[in-house]
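Provided below as C-alpha coordinates are two forms of one protein chain, presented individually as structure 1 and structure 2.
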Structure 1
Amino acid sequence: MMKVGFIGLGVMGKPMAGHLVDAGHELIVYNRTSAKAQELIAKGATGAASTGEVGQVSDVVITMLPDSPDVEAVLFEDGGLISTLKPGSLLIDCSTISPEAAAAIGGQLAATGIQFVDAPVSGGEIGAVSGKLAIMMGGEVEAVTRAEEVLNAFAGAMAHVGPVGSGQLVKAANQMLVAGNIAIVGEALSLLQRTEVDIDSALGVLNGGLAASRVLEVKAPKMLERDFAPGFRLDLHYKDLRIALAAAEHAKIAVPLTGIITQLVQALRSAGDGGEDHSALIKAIERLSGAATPVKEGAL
(Lines of atoms letter the chains of each structure in order from A and count residues from 1; the text may use other names and numbers.)
(Lines give C-alpha, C1' and ligand atoms only; values in the text may rest on other atoms or scores of the structure.)
Protein backbone atom coordinates (compact mmCIF):
# COMPACT_ATOMS: atom_id res chain seq x y z
CA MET A 1 0.00 0.00 0.00
CA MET A 2 1.12 3.52 -0.70
CA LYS A 3 0.86 7.04 0.59
CA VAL A 4 -1.51 8.55 -1.96
CA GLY A 5 -2.41 12.23 -2.21
CA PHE A 6 -5.67 13.30 -3.88
CA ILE A 7 -6.45 16.83 -5.04
CA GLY A 8 -9.93 17.74 -6.36
CA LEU A 9 -12.87 16.23 -4.50
CA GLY A 10 -15.70 17.08 -6.88
CA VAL A 11 -18.55 14.93 -8.17
CA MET A 12 -16.03 12.52 -9.68
CA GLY A 13 -13.05 12.98 -7.34
CA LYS A 14 -14.77 12.26 -4.04
CA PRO A 15 -15.98 8.73 -4.91
CA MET A 16 -12.67 7.99 -6.64
CA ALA A 17 -10.79 8.97 -3.48
CA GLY A 18 -13.18 6.89 -1.41
CA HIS A 19 -12.24 3.77 -3.35
CA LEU A 20 -8.56 4.44 -2.55
CA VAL A 21 -9.31 4.36 1.19
CA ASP A 22 -11.33 1.18 0.71
CA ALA A 23 -8.37 -0.36 -1.13
CA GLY A 24 -6.22 0.23 1.96
CA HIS A 25 -4.07 3.13 0.76
CA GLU A 26 -2.98 5.81 3.23
CA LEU A 27 -4.83 8.80 1.76
CA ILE A 28 -4.04 12.54 2.09
CA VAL A 29 -6.72 14.79 0.60
CA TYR A 30 -6.95 18.45 -0.35
CA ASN A 31 -9.82 20.44 -1.78
CA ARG A 32 -10.18 24.20 -2.20
CA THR A 33 -13.52 23.93 -0.44
CA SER A 34 -12.30 22.01 2.60
CA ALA A 35 -15.81 20.89 3.66
CA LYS A 36 -15.76 18.38 0.82
CA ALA A 37 -12.87 16.58 2.51
CA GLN A 38 -14.79 15.87 5.75
CA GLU A 39 -16.52 12.74 4.54
CA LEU A 40 -13.23 11.23 3.47
CA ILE A 41 -11.50 12.24 6.72
CA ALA A 42 -14.31 10.50 8.59
CA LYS A 43 -13.47 7.41 6.51
CA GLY A 44 -9.85 7.54 7.60
CA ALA A 45 -8.13 9.95 5.23
CA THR A 46 -5.89 12.77 6.43
CA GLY A 47 -6.72 16.35 5.46
CA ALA A 48 -3.97 18.65 4.13
CA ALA A 49 -3.95 22.43 4.45
CA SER A 50 -2.42 23.06 1.03
CA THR A 51 -1.50 21.31 -2.21
CA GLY A 52 2.15 21.71 -1.21
CA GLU A 53 1.54 19.73 1.95
CA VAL A 54 -0.02 16.92 -0.11
CA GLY A 55 3.16 16.77 -2.21
CA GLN A 56 5.38 16.71 0.87
CA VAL A 57 3.92 13.55 2.40
CA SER A 58 2.82 11.48 -0.66
CA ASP A 59 4.53 8.92 -2.89
CA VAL A 60 1.83 9.26 -5.51
CA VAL A 61 -0.48 12.23 -6.09
CA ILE A 62 -3.70 12.12 -8.13
CA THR A 63 -5.27 15.32 -9.49
CA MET A 64 -8.90 15.42 -10.64
CA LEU A 65 -9.66 18.99 -11.71
CA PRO A 66 -11.91 20.80 -14.20
CA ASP A 67 -9.45 22.08 -16.83
CA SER A 68 -5.82 22.75 -17.80
CA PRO A 69 -5.46 26.04 -15.89
CA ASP A 70 -6.62 24.36 -12.69
CA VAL A 71 -4.04 21.60 -13.01
CA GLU A 72 -1.32 24.11 -13.86
CA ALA A 73 -2.24 26.28 -10.87
CA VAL A 74 -2.09 23.34 -8.44
CA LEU A 75 1.33 22.40 -9.81
CA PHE A 76 3.09 25.64 -10.51
CA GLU A 77 1.65 28.33 -8.23
CA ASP A 78 3.74 29.54 -5.29
CA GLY A 79 4.15 26.63 -2.91
CA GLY A 80 2.46 24.33 -5.42
CA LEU A 81 3.03 20.63 -5.86
CA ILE A 82 6.14 20.89 -8.01
CA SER A 83 8.02 22.60 -5.18
CA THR A 84 7.29 19.84 -2.66
CA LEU A 85 7.02 16.58 -4.63
CA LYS A 86 10.12 14.45 -4.08
CA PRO A 87 12.19 13.14 -6.99
CA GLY A 88 10.96 9.64 -7.75
CA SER A 89 7.39 10.42 -6.79
CA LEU A 90 4.53 10.01 -9.31
CA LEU A 91 1.85 12.46 -10.39
CA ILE A 92 -1.26 10.99 -12.05
CA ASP A 93 -3.58 13.54 -13.65
CA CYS A 94 -7.07 12.10 -14.09
CA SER A 95 -8.50 15.44 -15.31
CA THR A 96 -9.54 15.88 -18.94
CA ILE A 97 -7.22 18.55 -20.32
CA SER A 98 -5.55 19.21 -23.66
CA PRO A 99 -2.92 16.71 -24.87
CA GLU A 100 -0.52 19.60 -25.38
CA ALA A 101 -0.94 20.81 -21.80
CA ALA A 102 -0.40 17.26 -20.55
CA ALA A 103 2.76 16.89 -22.62
CA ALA A 104 4.08 20.21 -21.33
CA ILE A 105 3.41 19.23 -17.72
CA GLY A 106 5.09 15.86 -18.26
CA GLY A 107 8.14 17.62 -19.64
CA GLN A 108 8.44 20.01 -16.71
CA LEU A 109 8.04 17.25 -14.14
CA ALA A 110 10.57 15.01 -15.87
CA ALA A 111 13.12 17.81 -15.54
CA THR A 112 12.79 17.57 -11.74
CA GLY A 113 12.80 13.77 -11.60
CA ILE A 114 9.05 13.35 -11.04
CA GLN A 115 7.12 10.72 -13.01
CA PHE A 116 3.92 11.73 -14.79
CA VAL A 117 0.97 9.80 -16.20
CA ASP A 118 -2.03 11.43 -17.86
CA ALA A 119 -4.98 9.21 -17.05
CA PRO A 120 -8.33 10.74 -18.01
CA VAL A 121 -11.35 8.65 -17.18
CA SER A 122 -14.63 7.79 -18.89
CA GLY A 123 -17.82 6.57 -17.30
CA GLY A 124 -19.18 9.61 -15.47
CA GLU A 125 -20.41 9.86 -11.90
CA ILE A 126 -21.95 6.38 -12.11
CA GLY A 127 -18.60 4.89 -13.05
CA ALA A 128 -16.81 6.81 -10.31
CA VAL A 129 -19.25 5.67 -7.63
CA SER A 130 -19.21 2.05 -8.76
CA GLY A 131 -15.43 2.09 -9.22
CA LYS A 132 -15.75 0.96 -12.82
CA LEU A 133 -14.17 3.80 -14.79
CA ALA A 134 -12.44 3.29 -18.14
CA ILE A 135 -8.97 4.83 -17.82
CA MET A 136 -6.71 5.85 -20.73
CA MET A 137 -3.11 6.19 -19.64
CA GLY A 138 -0.24 8.01 -21.33
CA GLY A 139 3.34 7.83 -20.01
CA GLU A 140 6.51 5.81 -19.65
CA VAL A 141 6.01 2.08 -19.06
CA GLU A 142 7.48 2.18 -15.55
CA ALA A 143 5.31 5.10 -14.49
CA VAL A 144 2.17 3.58 -16.01
CA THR A 145 2.81 0.25 -14.27
CA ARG A 146 3.11 2.08 -10.98
CA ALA A 147 -0.03 4.12 -11.72
CA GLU A 148 -2.06 0.99 -12.44
CA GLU A 149 -1.50 -0.30 -8.90
CA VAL A 150 -3.24 2.79 -7.56
CA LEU A 151 -5.86 3.41 -10.26
CA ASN A 152 -6.89 -0.21 -9.99
CA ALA A 153 -9.00 0.86 -6.99
CA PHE A 154 -11.59 2.50 -9.26
CA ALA A 155 -10.95 1.07 -12.73
CA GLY A 156 -13.30 -1.07 -14.81
CA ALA A 157 -10.83 -1.04 -17.69
CA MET A 158 -7.36 0.42 -18.08
CA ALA A 159 -5.14 0.77 -21.13
CA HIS A 160 -1.67 2.15 -21.67
CA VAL A 161 -2.19 3.95 -24.96
CA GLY A 162 1.17 5.66 -25.58
CA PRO A 163 3.61 8.30 -24.32
CA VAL A 164 2.60 11.21 -22.07
CA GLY A 165 -0.41 13.04 -23.58
CA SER A 166 -1.76 9.92 -25.29
CA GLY A 167 -4.37 9.37 -22.60
CA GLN A 168 -5.77 12.81 -23.35
CA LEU A 169 -5.71 12.18 -27.11
CA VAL A 170 -7.73 8.99 -26.71
CA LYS A 171 -10.13 10.80 -24.38
CA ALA A 172 -10.54 13.50 -27.05
CA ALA A 173 -11.33 10.80 -29.63
CA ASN A 174 -13.77 9.24 -27.14
CA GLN A 175 -15.63 12.54 -26.76
CA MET A 176 -15.80 13.03 -30.53
CA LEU A 177 -17.28 9.55 -30.93
CA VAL A 178 -19.82 9.98 -28.16
CA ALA A 179 -20.96 13.39 -29.45
CA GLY A 180 -21.16 12.10 -33.02
CA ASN A 181 -23.16 9.05 -32.02
CA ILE A 182 -25.54 11.16 -29.93
CA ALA A 183 -26.04 13.65 -32.75
CA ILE A 184 -26.90 11.06 -35.38
CA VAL A 185 -29.18 9.21 -32.95
CA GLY A 186 -30.83 12.60 -32.44
CA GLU A 187 -31.49 12.91 -36.17
CA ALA A 188 -32.72 9.33 -36.57
CA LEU A 189 -35.07 9.57 -33.59
CA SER A 190 -36.35 12.99 -34.67
CA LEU A 191 -37.29 11.42 -37.97
CA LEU A 192 -38.92 8.29 -36.53
CA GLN A 193 -40.85 10.27 -33.91
CA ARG A 194 -42.57 12.19 -36.69
CA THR A 195 -43.87 8.99 -38.32
CA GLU A 196 -46.21 6.18 -37.35
CA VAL A 197 -43.30 3.89 -36.52
CA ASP A 198 -43.46 2.08 -33.17
CA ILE A 199 -40.18 3.34 -31.79
CA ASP A 200 -39.65 0.76 -29.06
CA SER A 201 -39.83 -2.03 -31.61
CA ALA A 202 -37.60 -0.04 -33.93
CA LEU A 203 -34.93 0.44 -31.27
CA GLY A 204 -34.88 -3.28 -30.64
CA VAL A 205 -34.13 -4.16 -34.22
CA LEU A 206 -31.73 -1.21 -34.75
CA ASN A 207 -29.67 -2.35 -31.80
CA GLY A 208 -29.46 -5.82 -33.32
CA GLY A 209 -27.41 -4.75 -36.36
CA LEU A 210 -24.57 -2.55 -37.60
CA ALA A 211 -26.36 0.56 -36.26
CA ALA A 212 -25.91 -0.66 -32.68
CA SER A 213 -24.08 1.56 -30.22
CA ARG A 214 -23.89 2.10 -26.49
CA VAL A 215 -25.41 5.54 -27.10
CA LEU A 216 -28.39 4.06 -28.96
CA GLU A 217 -28.86 1.55 -26.16
CA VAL A 218 -28.43 3.87 -23.18
CA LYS A 219 -29.29 7.39 -24.39
CA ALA A 220 -32.08 6.86 -26.95
CA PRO A 221 -34.63 5.77 -24.32
CA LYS A 222 -33.85 8.88 -22.26
CA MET A 223 -34.25 11.10 -25.34
CA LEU A 224 -37.68 9.56 -25.94
CA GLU A 225 -38.71 10.13 -22.32
CA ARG A 226 -37.29 13.68 -22.47
CA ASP A 227 -35.20 12.81 -19.42
CA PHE A 228 -32.19 15.08 -19.72
CA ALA A 229 -30.93 15.01 -16.14
CA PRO A 230 -27.15 14.62 -16.23
CA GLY A 231 -25.24 12.22 -16.61
CA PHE A 232 -22.68 14.26 -18.43
CA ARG A 233 -23.37 17.95 -18.90
CA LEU A 234 -23.32 19.62 -22.31
CA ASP A 235 -21.09 22.37 -20.88
CA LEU A 236 -18.41 19.81 -20.10
CA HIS A 237 -18.82 18.04 -23.42
CA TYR A 238 -18.37 21.41 -25.14
CA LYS A 239 -15.09 21.92 -23.29
CA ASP A 240 -13.96 18.45 -24.36
CA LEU A 241 -14.91 19.04 -28.02
CA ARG A 242 -12.85 22.21 -28.04
CA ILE A 243 -9.93 20.14 -26.76
CA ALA A 244 -10.57 17.66 -29.58
CA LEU A 245 -10.68 20.44 -32.21
CA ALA A 246 -7.39 21.81 -30.92
CA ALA A 247 -5.84 18.32 -30.92
CA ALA A 248 -6.95 17.80 -34.53
CA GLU A 249 -5.45 21.15 -35.49
CA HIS A 250 -2.21 20.08 -33.83
CA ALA A 251 -2.24 16.68 -35.57
CA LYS A 252 -2.92 18.42 -38.91
CA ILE A 253 -6.26 16.88 -39.76
CA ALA A 254 -9.54 18.73 -40.31
CA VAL A 255 -12.64 17.24 -38.68
CA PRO A 256 -15.68 18.79 -40.36
CA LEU A 257 -18.33 16.76 -38.54
CA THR A 258 -16.79 17.53 -35.17
CA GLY A 259 -16.79 21.18 -36.22
CA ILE A 260 -20.49 21.24 -36.85
CA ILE A 261 -21.41 19.01 -33.90
CA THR A 262 -19.55 21.44 -31.64
CA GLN A 263 -21.84 24.17 -32.95
CA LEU A 264 -24.90 22.02 -32.20
CA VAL A 265 -23.67 21.65 -28.61
CA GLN A 266 -23.02 25.38 -28.56
CA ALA A 267 -26.63 25.94 -29.72
CA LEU A 268 -27.91 24.11 -26.64
CA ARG A 269 -25.67 26.15 -24.39
CA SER A 270 -26.88 29.33 -26.10
CA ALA A 271 -30.43 28.28 -25.34
CA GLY A 272 -29.60 27.87 -21.66
CA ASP A 273 -29.49 24.07 -21.70
CA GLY A 274 -25.76 23.66 -21.00
CA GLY A 275 -26.50 22.02 -17.67
CA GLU A 276 -28.52 19.20 -19.22
CA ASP A 277 -27.23 15.77 -20.20
CA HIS A 278 -25.48 15.58 -23.59
CA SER A 279 -28.38 13.49 -24.89
CA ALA A 280 -30.34 16.79 -24.97
CA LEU A 281 -28.53 17.39 -28.27
CA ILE A 282 -31.66 16.02 -29.94
CA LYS A 283 -33.33 19.32 -29.04
CA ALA A 284 -31.02 21.22 -31.42
CA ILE A 285 -32.26 19.07 -34.31
CA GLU A 286 -35.86 19.64 -33.34
CA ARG A 287 -35.52 23.37 -32.78
CA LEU A 288 -33.82 23.86 -36.13
CA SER A 289 -37.05 22.70 -37.79
CA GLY A 290 -39.14 24.85 -35.48
CA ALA A 291 -40.43 21.75 -33.71
CA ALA A 292 -39.89 22.00 -29.97
CA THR A 293 -42.03 18.97 -29.22
CA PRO A 294 -42.08 15.83 -31.32
CA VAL A 295 -45.47 15.45 -32.93
CA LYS A 296 -46.67 12.45 -34.86
CA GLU A 297 -47.13 13.89 -38.34
CA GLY A 298 -47.90 10.61 -40.05
CA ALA A 299 -45.11 10.53 -42.59
CA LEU A 300 -46.66 7.77 -44.63
Structure 2
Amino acid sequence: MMKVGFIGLGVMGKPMAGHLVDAGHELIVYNRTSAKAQELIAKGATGAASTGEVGQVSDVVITMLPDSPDVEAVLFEDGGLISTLKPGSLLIDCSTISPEAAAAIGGQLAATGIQFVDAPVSGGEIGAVSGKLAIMMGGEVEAVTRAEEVLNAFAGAMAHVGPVGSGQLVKAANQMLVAGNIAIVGEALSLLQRTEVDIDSALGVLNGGLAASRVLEVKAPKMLERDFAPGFRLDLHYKDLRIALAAAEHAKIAVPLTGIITQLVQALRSAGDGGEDHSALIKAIERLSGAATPVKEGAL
Protein backbone atom coordinates (compact mmCIF):
# COMPACT_ATOMS: atom_id res chain seq x y z
CA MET A 1 0.00 0.00 0.00
CA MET A 2 1.21 3.49 -0.88
CA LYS A 3 1.00 6.91 0.70
CA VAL A 4 -1.63 8.57 -1.45
CA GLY A 5 -2.57 12.24 -1.35
CA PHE A 6 -6.01 13.37 -2.52
CA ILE A 7 -6.92 16.98 -3.27
CA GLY A 8 -10.53 17.97 -4.04
CA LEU A 9 -13.30 16.40 -1.96
CA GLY A 10 -16.37 17.39 -3.94
CA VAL A 11 -19.42 15.34 -4.90
CA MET A 12 -17.25 12.74 -6.64
CA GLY A 13 -13.88 13.31 -5.01
CA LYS A 14 -14.99 12.50 -1.49
CA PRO A 15 -16.34 8.99 -2.22
CA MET A 16 -13.35 8.30 -4.50
CA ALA A 17 -11.03 9.13 -1.60
CA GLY A 18 -13.13 6.96 0.69
CA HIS A 19 -12.51 3.93 -1.51
CA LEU A 20 -8.76 4.50 -1.20
CA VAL A 21 -9.04 4.32 2.59
CA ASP A 22 -11.14 1.17 2.29
CA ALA A 23 -8.47 -0.35 0.01
CA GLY A 24 -5.89 0.10 2.75
CA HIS A 25 -3.87 3.00 1.37
CA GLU A 26 -2.40 5.55 3.76
CA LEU A 27 -4.43 8.58 2.65
CA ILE A 28 -3.64 12.27 3.12
CA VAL A 29 -6.45 14.63 2.12
CA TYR A 30 -6.82 18.34 1.47
CA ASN A 31 -9.82 20.45 0.54
CA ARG A 32 -10.27 24.22 0.60
CA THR A 33 -13.35 23.69 2.76
CA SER A 34 -11.73 21.63 5.50
CA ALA A 35 -15.05 20.42 6.92
CA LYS A 36 -15.46 18.15 3.90
CA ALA A 37 -12.43 16.15 5.04
CA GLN A 38 -13.78 15.29 8.48
CA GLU A 39 -15.68 12.16 7.49
CA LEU A 40 -12.59 10.77 5.76
CA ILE A 41 -10.40 11.64 8.74
CA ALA A 42 -12.85 9.73 10.94
CA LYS A 43 -12.34 6.73 8.64
CA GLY A 44 -8.58 6.87 9.07
CA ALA A 45 -7.30 9.45 6.59
CA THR A 46 -4.93 12.23 7.65
CA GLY A 47 -5.89 15.85 7.03
CA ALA A 48 -3.36 18.24 5.52
CA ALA A 49 -3.21 21.99 6.10
CA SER A 50 -2.07 22.81 2.56
CA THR A 51 -1.52 21.31 -0.87
CA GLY A 52 2.22 21.54 -0.29
CA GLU A 53 1.91 19.40 2.81
CA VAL A 54 0.13 16.73 0.75
CA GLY A 55 3.07 16.66 -1.67
CA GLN A 56 5.64 16.40 1.12
CA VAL A 57 4.30 13.11 2.50
CA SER A 58 2.80 11.38 -0.58
CA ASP A 59 4.21 8.94 -3.12
CA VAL A 60 1.19 9.46 -5.36
CA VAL A 61 -1.17 12.46 -5.45
CA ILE A 62 -4.62 12.48 -7.04
CA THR A 63 -6.35 15.75 -7.91
CA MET A 64 -10.09 15.97 -8.54
CA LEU A 65 -10.88 19.62 -9.27
CA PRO A 66 -13.40 21.63 -11.33
CA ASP A 67 -11.29 23.04 -14.19
CA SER A 68 -7.84 23.67 -15.66
CA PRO A 69 -7.10 26.86 -13.63
CA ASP A 70 -7.88 25.01 -10.40
CA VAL A 71 -5.42 22.22 -11.22
CA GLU A 72 -2.76 24.71 -12.29
CA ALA A 73 -3.21 26.72 -9.08
CA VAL A 74 -2.88 23.64 -6.86
CA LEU A 75 0.29 22.66 -8.69
CA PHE A 76 2.07 25.90 -9.41
CA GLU A 77 0.97 28.55 -6.91
CA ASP A 78 3.46 29.53 -4.18
CA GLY A 79 3.85 26.59 -1.84
CA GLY A 80 1.90 24.33 -4.20
CA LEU A 81 2.48 20.70 -5.08
CA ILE A 82 5.34 21.20 -7.52
CA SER A 83 7.41 22.78 -4.76
CA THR A 84 7.13 19.73 -2.50
CA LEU A 85 6.59 16.65 -4.68
CA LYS A 86 9.72 14.50 -4.76
CA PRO A 87 11.32 13.42 -8.06
CA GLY A 88 9.94 10.01 -8.98
CA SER A 89 6.54 10.70 -7.43
CA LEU A 90 3.35 10.42 -9.48
CA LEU A 91 0.55 12.93 -10.03
CA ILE A 92 -2.77 11.58 -11.30
CA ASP A 93 -5.26 14.24 -12.37
CA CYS A 94 -8.81 12.87 -12.38
CA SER A 95 -10.29 16.30 -13.17
CA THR A 96 -11.79 17.11 -16.55
CA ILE A 97 -9.62 19.81 -18.11
CA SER A 98 -8.54 20.77 -21.61
CA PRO A 99 -6.18 18.37 -23.43
CA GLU A 100 -3.79 21.29 -24.04
CA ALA A 101 -3.65 22.09 -20.32
CA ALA A 102 -3.02 18.44 -19.49
CA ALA A 103 -0.15 18.24 -22.00
CA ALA A 104 1.39 21.45 -20.65
CA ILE A 105 1.14 20.23 -17.06
CA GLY A 106 2.72 16.93 -18.03
CA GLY A 107 5.62 18.73 -19.66
CA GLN A 108 6.26 20.96 -16.65
CA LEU A 109 6.15 18.04 -14.24
CA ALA A 110 8.42 15.90 -16.40
CA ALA A 111 11.04 18.65 -16.27
CA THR A 112 11.20 18.16 -12.48
CA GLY A 113 11.23 14.35 -12.60
CA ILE A 114 7.58 13.87 -11.64
CA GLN A 115 5.42 11.40 -13.55
CA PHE A 116 1.98 12.53 -14.72
CA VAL A 117 -1.16 10.74 -15.87
CA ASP A 118 -4.29 12.57 -16.98
CA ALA A 119 -7.06 10.24 -15.87
CA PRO A 120 -10.51 11.87 -16.12
CA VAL A 121 -13.38 9.78 -14.80
CA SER A 122 -16.94 9.14 -15.94
CA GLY A 123 -19.88 7.78 -14.00
CA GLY A 124 -21.00 10.73 -11.91
CA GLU A 125 -21.78 10.57 -8.21
CA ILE A 126 -23.37 7.13 -8.58
CA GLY A 127 -20.21 5.69 -10.11
CA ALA A 128 -18.00 7.38 -7.53
CA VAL A 129 -20.04 6.06 -4.61
CA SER A 130 -20.22 2.53 -6.02
CA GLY A 131 -16.53 2.53 -7.00
CA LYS A 132 -17.39 1.75 -10.62
CA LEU A 133 -16.01 4.74 -12.52
CA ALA A 134 -14.74 4.56 -16.09
CA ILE A 135 -11.21 5.99 -16.22
CA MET A 136 -9.44 7.14 -19.41
CA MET A 137 -5.70 7.41 -18.90
CA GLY A 138 -3.12 9.37 -20.89
CA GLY A 139 0.59 9.05 -20.13
CA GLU A 140 3.73 6.95 -20.40
CA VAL A 141 3.29 3.20 -19.91
CA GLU A 142 5.27 3.08 -16.66
CA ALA A 143 3.29 5.96 -15.13
CA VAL A 144 -0.04 4.47 -16.21
CA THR A 145 0.89 1.10 -14.73
CA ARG A 146 1.65 2.78 -11.40
CA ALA A 147 -1.58 4.77 -11.60
CA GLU A 148 -3.68 1.66 -12.18
CA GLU A 149 -2.55 0.21 -8.85
CA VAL A 150 -4.17 3.18 -7.06
CA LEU A 151 -7.12 3.91 -9.34
CA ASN A 152 -8.27 0.31 -9.14
CA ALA A 153 -9.85 1.21 -5.78
CA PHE A 154 -12.70 3.07 -7.49
CA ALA A 155 -12.57 1.87 -11.11
CA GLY A 156 -15.16 -0.16 -12.95
CA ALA A 157 -13.25 0.12 -16.21
CA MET A 158 -9.83 1.55 -17.06
CA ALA A 159 -7.99 2.03 -20.35
CA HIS A 160 -4.66 3.53 -21.41
CA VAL A 161 -5.72 5.59 -24.42
CA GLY A 162 -2.49 7.29 -25.49
CA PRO A 163 0.08 9.91 -24.41
CA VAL A 164 -0.59 12.69 -21.91
CA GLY A 165 -3.69 14.64 -22.94
CA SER A 166 -5.35 11.63 -24.58
CA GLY A 167 -7.43 10.89 -21.50
CA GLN A 168 -8.96 14.36 -21.75
CA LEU A 169 -9.74 13.89 -25.45
CA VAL A 170 -11.59 10.65 -24.72
CA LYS A 171 -13.40 12.34 -21.84
CA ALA A 172 -14.49 15.12 -24.23
CA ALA A 173 -15.99 12.47 -26.51
CA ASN A 174 -17.63 10.87 -23.46
CA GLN A 175 -19.26 14.16 -22.48
CA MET A 176 -20.54 14.68 -26.02
CA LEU A 177 -22.17 11.24 -25.92
CA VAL A 178 -23.65 11.72 -22.46
CA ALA A 179 -25.09 15.17 -23.23
CA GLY A 180 -26.56 13.96 -26.51
CA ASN A 181 -28.13 10.97 -24.81
CA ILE A 182 -29.61 13.07 -22.01
CA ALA A 183 -31.06 15.53 -24.51
CA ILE A 184 -32.75 12.84 -26.60
CA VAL A 185 -34.07 11.07 -23.51
CA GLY A 186 -35.56 14.42 -22.47
CA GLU A 187 -37.21 14.81 -25.86
CA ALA A 188 -38.60 11.26 -25.80
CA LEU A 189 -40.00 11.64 -22.28
CA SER A 190 -41.52 15.01 -23.16
CA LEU A 191 -43.35 13.32 -26.03
CA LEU A 192 -44.58 10.39 -23.95
CA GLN A 193 -45.81 12.63 -21.13
CA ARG A 194 -48.09 14.49 -23.56
CA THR A 195 -49.95 11.23 -24.26
CA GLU A 196 -51.82 8.53 -22.36
CA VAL A 197 -48.95 6.07 -22.59
CA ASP A 198 -48.09 4.13 -19.40
CA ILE A 199 -44.67 5.70 -18.79
CA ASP A 200 -43.28 2.96 -16.53
CA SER A 201 -44.22 0.24 -19.02
CA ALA A 202 -42.79 2.32 -21.86
CA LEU A 203 -39.45 2.74 -20.08
CA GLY A 204 -39.34 -0.97 -19.32
CA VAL A 205 -39.67 -1.98 -22.96
CA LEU A 206 -37.36 0.79 -24.20
CA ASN A 207 -34.65 -0.41 -21.84
CA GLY A 208 -35.04 -3.90 -23.30
CA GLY A 209 -34.26 -2.92 -26.88
CA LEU A 210 -31.76 -1.04 -28.99
CA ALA A 211 -32.74 2.26 -27.32
CA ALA A 212 -31.45 0.99 -23.98
CA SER A 213 -28.71 3.06 -22.37
CA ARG A 214 -27.26 3.83 -18.97
CA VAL A 215 -28.59 7.38 -19.32
CA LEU A 216 -32.14 6.12 -20.02
CA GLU A 217 -31.91 3.78 -17.04
CA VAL A 218 -30.50 6.29 -14.53
CA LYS A 219 -31.60 9.74 -15.69
CA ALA A 220 -35.15 9.13 -16.98
CA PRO A 221 -36.52 8.38 -13.48
CA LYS A 222 -34.91 11.56 -12.16
CA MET A 223 -36.51 13.57 -14.95
CA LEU A 224 -39.93 12.08 -14.20
CA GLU A 225 -39.56 12.68 -10.45
CA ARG A 226 -38.25 16.23 -11.06
CA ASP A 227 -35.24 15.25 -8.95
CA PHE A 228 -32.49 17.54 -10.18
CA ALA A 229 -30.25 17.37 -7.11
CA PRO A 230 -26.75 17.58 -8.58
CA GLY A 231 -24.91 14.36 -9.24
CA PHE A 232 -23.14 16.22 -12.04
CA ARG A 233 -23.94 19.91 -12.39
CA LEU A 234 -25.00 21.54 -15.65
CA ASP A 235 -22.32 24.18 -15.07
CA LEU A 236 -19.62 21.50 -15.17
CA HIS A 237 -21.12 19.76 -18.19
CA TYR A 238 -21.17 23.11 -20.00
CA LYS A 239 -17.46 23.49 -19.27
CA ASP A 240 -16.84 20.00 -20.63
CA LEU A 241 -18.85 20.64 -23.79
CA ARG A 242 -16.83 23.79 -24.45
CA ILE A 243 -13.69 21.66 -24.18
CA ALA A 244 -15.22 19.25 -26.70
CA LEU A 245 -16.09 22.08 -29.08
CA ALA A 246 -12.56 23.44 -28.86
CA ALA A 247 -11.12 19.98 -29.53
CA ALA A 248 -13.40 19.61 -32.57
CA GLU A 249 -12.29 22.99 -33.87
CA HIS A 250 -8.66 22.00 -33.45
CA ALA A 251 -9.36 18.75 -35.36
CA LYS A 252 -11.23 20.73 -38.03
CA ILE A 253 -14.43 18.70 -37.76
CA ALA A 254 -18.07 19.76 -37.53
CA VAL A 255 -20.05 18.77 -34.42
CA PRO A 256 -23.43 20.47 -34.97
CA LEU A 257 -25.40 18.39 -32.45
CA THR A 258 -22.88 19.11 -29.70
CA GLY A 259 -23.16 22.81 -30.55
CA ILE A 260 -26.95 22.79 -30.24
CA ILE A 261 -26.90 20.92 -26.94
CA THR A 262 -24.26 23.29 -25.58
CA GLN A 263 -26.62 26.18 -26.33
CA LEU A 264 -29.50 24.40 -24.56
CA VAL A 265 -27.29 23.95 -21.50
CA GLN A 266 -26.26 27.61 -21.67
CA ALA A 267 -29.92 28.64 -21.80
CA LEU A 268 -30.56 26.72 -18.57
CA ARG A 269 -27.52 28.32 -16.95
CA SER A 270 -28.77 31.76 -17.96
CA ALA A 271 -32.09 30.92 -16.30
CA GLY A 272 -30.30 30.11 -13.05
CA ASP A 273 -30.36 26.31 -13.36
CA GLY A 274 -26.62 25.75 -13.72
CA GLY A 275 -26.32 24.20 -10.26
CA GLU A 276 -28.83 21.47 -11.06
CA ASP A 277 -28.06 17.97 -12.30
CA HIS A 278 -27.51 17.61 -16.05
CA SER A 279 -30.74 15.59 -16.21
CA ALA A 280 -32.41 19.02 -15.90
CA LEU A 281 -31.68 19.35 -19.61
CA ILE A 282 -35.27 18.13 -20.08
CA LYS A 283 -36.39 21.54 -18.78
CA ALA A 284 -34.93 23.22 -21.86
CA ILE A 285 -36.95 20.87 -24.09
CA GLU A 286 -40.11 21.57 -22.11
CA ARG A 287 -39.64 25.33 -22.28
CA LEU A 288 -39.22 25.17 -26.04
CA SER A 289 -42.50 23.23 -26.11
CA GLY A 290 -44.31 26.02 -24.28
CA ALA A 291 -44.66 24.50 -20.82
CA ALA A 292 -42.35 24.20 -17.85
CA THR A 293 -44.10 20.99 -16.79
CA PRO A 294 -45.48 18.58 -19.41
CA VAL A 295 -49.27 18.18 -19.45
CA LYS A 296 -51.12 15.28 -21.04
CA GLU A 297 -53.41 16.42 -23.79
CA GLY A 298 -55.77 13.66 -24.80
CA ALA A 299 -55.47 10.13 -26.14
CA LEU A 300 -53.05 8.78 -28.70
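All values derive from a computational prediction rather than experimental measurement. Residues are numbered by position in structure 1's sequence, first residue being 1. For the two forms, the rigid core is made up of the largest set of C-alpha atoms that agree within 1.5 Å on superposition.
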Inset, instruction - Only one of these is the form predicted together with a further copy of the same chain, so let me know which. - result: 1
Legend entry - Rigid hinge motion between structure 1 and structure 2 - rotation in whole degrees: 12
Inset, instruction - Quote the shift of the Cα of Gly272 between structure 1 and structure 2 to one decimal place in Å, the two forms being superposed on the rigid core. - result: 3.1
Legend entry - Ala220 CA shift between structure 1 and structure 2 in angstrom, with the core used for superposition: 4.7
